[in-house]
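We've got the same protein chain twice here, in two forms, each standing alone as structure tokens: structure 1 and structure 2.
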Structure 1
């Protein structure tokens, strides 16, 4: 187990700042997720921590020891790569034994631990085969095994599920949580998939262009995104974001939206300000079946339905603006394209961001 602190870490590729003041702390034994779209700096962050990238600035401290300039070898951490990076010319047994061999652990102990790990990850039947003959899921489990066999203090995971099919991905998410519980190792998990981050991470760092935008628990990220970027990133289907403008109305401030207005009093926003109103698809309900909580009731036309099995995502046309909502399958099944509906936008569920900076107002 280990703590980790990154302070203003910089990594530049020519004019591109891949890491631009990346800072965060990871607690001992934490499952910490890094969430961001591709080329936002997730992989570079992990590689920097592993010592595989030459930094232009900043400090990396692990367990109170500055490891910024320490060699890759002997950092007492392991990484699971996106491509798994198994040694293709070695058997699975040799792959699993490799970190132990390099650490100078004896033959008997190595055999015992490799056997244990193979048992734990259910790859015993593959031990004498070579990596290219294994299925994706088996390769993945071997990659995990090779990373944890040495019992590193810190485990770095770089989009380990990206190369797997959907079903396997679901199983592996549970597997990673189980491993984390059993090993107690501090884990850093990079992913572009908000679902993975929310389901697995104890805390999630949302990053953009090589810097942290928000670090919070999954619940807090979902409930109070710090800015428009996080709001769009977390939650599926993504939050509805609608451009609007503030206006004084008597002693109140309101936001004018294409299909109505919402109250923005007491938030300290001046009139005449461009803002973005956000509402999650789950917070839009059918007016007929939900109590009036002071929200906005609107007429909408069903534009498109996407059945997902248990729920259906519905694209609504509200006076030229597209809003998404989510309905249970049996309710949605009765809807026809082009049908008129009465929907309600929950009064307490709206989010408000500055248009220019994206920063959260409320």
Structure 2
């Protein structure tokens, strides 16, 4: 296990600043996720930690030792990529044993470790087969096994589930959590999939353009996103975001929205300020089933329904503004396209962001 600390790490490709002051720390034995869209710097961050990228600035410290300029082989870490990168001409046994052979570990110890890893990853039945004969999930397990068989202090995972189908991705998420619990290895997992990050990470760093926007637990990221970018990244379906403008109403401050107004008193936002109001689809309910909590009741028209099994996403037209709402399937099944509804936006469920900067106000 290992601790890790990145401080103001910079990596440039000509005029492109792939990493622009990347900073975060990972605790000993933590499962830490990096969440961001394509080209946000996830892979470059992992490659920098592994020593595969030459930095333009900053420091990387592992277990209190500065490894910024340390050689790759001296970092005691392993990396798993999107592609399985197994040797197709070798058996699974030989693939798992290869890192130990390179490290000069003897035959008896190699056989013991390969057997342990095969048991742990449930691939014993594949040991005498070759990678092309395995399923995608089995190949991914072998790739994991080859990375951890030499017991690295830190495991770097770069979108390892991207090439698997939905069922296998679900199964492998559970598998990674089980492995982390049983091995206790510090894991750093990069993904563009917010579901992967929120279900696996003990903490998640949301990144944009090579720098960290917010680091927190999955629950805190969902409940109190630091800005509009995080609000859009975390949660499925994404948070409804509606442009508004503050104004004075007597002694109070309110936000005018296309379909009504919300109270912004006590938030310190001056009148005449452009803002963005956010509310999650799960926090919009049918008015008939909602308590009177100081929220906003509105008339809406059902525009589209998206059944997802036990729940359905409803696209609503509210005075020309589209809002998404999530309902239980048995409730949504009674709704018809074009039907008029009375909905309620909970008074305590809204989020407010500055439009210019995106920073959270409340």
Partner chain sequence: MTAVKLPRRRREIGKGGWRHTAGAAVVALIYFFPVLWIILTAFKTRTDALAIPPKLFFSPTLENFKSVFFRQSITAGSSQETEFLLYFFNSIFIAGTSVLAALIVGTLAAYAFSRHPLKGNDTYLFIILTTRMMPPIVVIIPIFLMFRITGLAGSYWGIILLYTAFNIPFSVWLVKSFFDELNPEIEDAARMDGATERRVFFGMCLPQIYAGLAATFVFGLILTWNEFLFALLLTGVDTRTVPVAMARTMGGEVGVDYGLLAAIVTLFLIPIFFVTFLLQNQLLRGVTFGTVKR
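Just so you know, these numbers come straight off a predicted model, no measurement behind them. Residue numbers count along the first chain shown, from 1. Rigid core here is just the name for the largest C-alpha set that superposes within 1.5 Å across the two forms.
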Form predicted in complex with its partner chain, is that 1 or 2? 1
Do you see a C-alpha shift of 2 Å or more at residue 130 between the two structures, with the core held fixed? yes
